[in-house]
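This document opens with one chain alone, in structure tokens, the form predicted on its own.
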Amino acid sequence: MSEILELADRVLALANDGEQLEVVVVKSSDTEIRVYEGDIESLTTADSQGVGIRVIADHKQGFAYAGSLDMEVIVETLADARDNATFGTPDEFLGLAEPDGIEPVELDLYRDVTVASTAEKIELAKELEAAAAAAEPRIQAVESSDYYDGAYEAAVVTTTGIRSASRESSAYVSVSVLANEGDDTQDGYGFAVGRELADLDIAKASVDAADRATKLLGAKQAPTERLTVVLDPYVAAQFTGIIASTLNGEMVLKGRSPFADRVGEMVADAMVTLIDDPTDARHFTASGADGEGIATRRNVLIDGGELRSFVHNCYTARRAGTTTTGSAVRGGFKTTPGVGTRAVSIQPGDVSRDDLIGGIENGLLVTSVSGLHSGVNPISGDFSTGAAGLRIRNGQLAEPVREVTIASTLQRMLLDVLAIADDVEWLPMSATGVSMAIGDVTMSGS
């Protein structure tokens, strides 16, 4: 990391008087492998590096980037950023991040995934495919077996005093299977995540895929009614991520959040606490610094049902008259910082999922949803999404159901939480999962 910091410092030394300069240097490497029937279907390895430069002068911003760390190219990129700033629209809230006195948490997020050979990674994907095929007699085919790993190093330095460097790695495997019984065929998926190959639980991924597929065999459409739904951890994580996106300071300032102007109100059942905590290394997306080089921190967004805060980067914080929450996000060196959550979770309860289900007389365990993001209106909070899962009758899992739609609003959903289980799952996304029971949801079917 010292090399990219030194390079960023060299660029920073080129700053002119009267301008703010931000330099972002990134180096990354990725490996993606897919196997099918024991053979390699695709294999991609990629190394990338580049620099993004942001200039702010006279309340106007310019940005430019280059996919090269050659100093001559970088000097040209700086000139482009300065030129772009002359065409910018003046904005009194523009300005780079400044140190806020919060020291970054030391996180152990990096493993050298290049230590393992490509051959070892291919064998892992093959092992997963074989394990999934043998996991259950009704598994008729493995559609895909995938391996992925990535390593990422970044430095952010500014003329305002930011000097940050971080590195992270990640790895995961996923498998998709088809199960067959009679004339019915159902699909299922499973995955495992970690920082390196040794973290990946092949057995769990293969069993999860087989279990998801076989449990839905014989599924039929159910009649329309209002009932209690239980979201399994993976589905709950998807909803949690969408809820968190409505607490984005940028969306709030634009009037595009159903929770705007509701800080201090009870927006959820008292058992609901929603936290964004990138400093928790168990999160797949944990990070010690945000996209502006500010230390990340634990932000409580909903506390005991009460809306406490939104997430902000430095720009949205200035506009809102508050301070950054260390929540700047950016897509590598090619973009300027946006704002968003990184590692969001609903705090688990103290009941097992079996006991949670055992307390429901009539319900639906939702194990998969389709079209969720397109089915949610983030401004009004309304949602309607396709779903599949298992009926719950008198506290027991019953017949499988598919081709139904569940509908409500995000606001109503949070207020109608009946129970939260203790089965936390760490997933390859920016939200963790935990089973939740939601009352009075409309299930539309036959």
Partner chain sequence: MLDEAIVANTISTALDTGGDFAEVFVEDKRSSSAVLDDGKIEELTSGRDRGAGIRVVVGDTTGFAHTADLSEKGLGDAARAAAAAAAGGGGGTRTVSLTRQQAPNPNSVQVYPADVPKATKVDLLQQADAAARQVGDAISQVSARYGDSRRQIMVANSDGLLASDDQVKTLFSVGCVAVGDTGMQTGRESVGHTIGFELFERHDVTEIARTAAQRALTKLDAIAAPSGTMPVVVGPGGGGVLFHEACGHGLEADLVAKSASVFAGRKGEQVATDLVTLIDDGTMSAEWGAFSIDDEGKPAQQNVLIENGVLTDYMWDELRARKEGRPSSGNGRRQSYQHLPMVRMTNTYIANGPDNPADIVAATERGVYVAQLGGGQVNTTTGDFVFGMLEAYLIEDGKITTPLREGNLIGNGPEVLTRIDMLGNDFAMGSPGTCGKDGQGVPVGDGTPTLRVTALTVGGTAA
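Since the structure is predicted, the reported quantities are computational estimates derived from the model, not experimental observations. Positions refer to the first chain, counted from 1. Throughout, rigid core stands for the largest set of C-alpha atoms superposing within 1.5 Å between the two forms.
Not on display, but discussed next: the form predicted together with the partner chain.
Shown alone, this chain has one stretch from 240-248, 83-91, 198-206, 286-294 that lies within 4.5 Å of the partner chain in the model of the complex by heavy atoms: 83-91. Not one of 124, 349 and 439 places a heavy atom within 4.5 Å of the partner chain in the model of the complex. Remark: residue 395 does not count among the residues lining the partner chain in the model of the complex, judged by a heavy atom distance of 4.5 Å or less.
Taking the partner from elsewhere, residue 2 is found to have every heavy atom lying beyond 4.5 Å of the partner chain in the model of the complex. Interface residue remark: residue 413 is not counted as part of the site for the partner chain in the model of the complex, having no heavy atom within 4.5 Å.
Using a 4.5 Å cutoff between non-hydrogen atoms, residue 255 counts as a contact of the partner chain in the model of the complex. Residues of 180-201 lying near the partner chain in the model of the complex, listed in sequence order, are 185, 186, 187, the criterion being any heavy atom within 4.5 Å. Once you line up the core between this form and the one not shown, the Cα of residue 181 stays within less than 2 Å of where it was. In the core-superposed comparison between this form and the one not shown, residue 53 has its Cα shifted by at least 2 Å.
Annotation for residue 85: C-alpha shift of 2 angstroms or more between this form and the one not shown, rigid core superposed.
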